[in-house]
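The data below hold one chain only, encoded as structure tokens and taken in the form predicted alone.
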Amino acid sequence: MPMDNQKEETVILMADVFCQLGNKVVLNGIELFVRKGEILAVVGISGIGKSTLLKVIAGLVPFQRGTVQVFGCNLSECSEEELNQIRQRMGFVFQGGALFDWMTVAENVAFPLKIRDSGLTENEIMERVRKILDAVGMEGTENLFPEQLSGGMKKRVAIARALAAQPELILYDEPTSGLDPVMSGIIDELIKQMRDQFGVTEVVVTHDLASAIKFADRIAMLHNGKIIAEAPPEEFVRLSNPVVQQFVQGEAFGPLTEFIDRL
């Protein structure tokens, strides 16, 4: 889709993006866009560069060529102050949750509001924290520490923290990694709920195609540094691209195939 036609509705636009880390080319001509209010899943095998893709979008990893626009701003032309303003419109859910062990759940969720001028009083901050924890099904855990939480609970607290500053965009790095199927399903539903309830745009990188099918509006596949295919879930799983089909069959043999057939 041409850039000019996408500009108003597009939150993220990447064109011919090249990123090399050390001697390794990680991204090699990425073309990608994400519309406002969309949930995009970027799938691919582990170690293929999906996390780097997210960090480039967040302005955390430099790229050597191409265009990355977020909220209409070209990241390569931004000052550090402008980058910080863009980041304040984002939430980032790290793969391991990245909660602070020495802080309670409430303190972790409140952290983004306290490191920036939110304009909220302490009581208002805590009221927002309680509401967000309730939204992710973690009410009553305010005074617990991360070591007292299961893996799935940590992921939900991490999502709550990402939501605390009311971002327009949330980036998720492998949100279901290491979780059992039941908890993975809960996180899948929570990703959809966050878009529907709070109106955020979401980009989720994952190697778990079964999860992506459940929550994504569109799935893109990263392979050898490029986006080789993208489509809505029901179309993606039927694409003729042999690399896509190898990934689909590896993930989808068995119950997932039956699920796909019902789409």
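Every value quoted in this text rests on a predicted model; they were computed, and no experiment measured them. Residue numbers run from 1 along the displayed sequence.
Beyond what is shown, the protein has a form predicted together with a small molecule; the following relates to that form.
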**Report entry** Segment assignment from 234-242, 49-57, 29-37, 66-74: heavy atom within 4.5 Å of the small molecule in the predicted complex
**Finding:** 49-57
Query raised in the report: Any chance Ser184 has a heavy atom within 4.5 Å of the small molecule in the predicted complex?
Result: no
Query - Contact test in the predicted complex: Thr104 vs the small molecule, heavy atoms, 4.5 Å - result: no
Query raised in the report: Using 4.5 Å between non-hydrogen atoms, is Asp188 touching the small molecule in the predicted complex?
Result: no
**Report entry** Contact test in the predicted complex: Ile228 vs the small molecule, heavy atoms, 4.5 Å
**Finding:** no
Query raised in the report: Given that the small molecule is left out here, which of Arg195, His223, His207, Lys214 has a heavy atom within 4.5 Å of it in the predicted complex?
Result: His207
Query raised in the report: Would the small molecule in the predicted complex be within 4.5 angstroms of a non-hydrogen atom of every residue among Ala98, Glu168 and Thr201?
Result: no
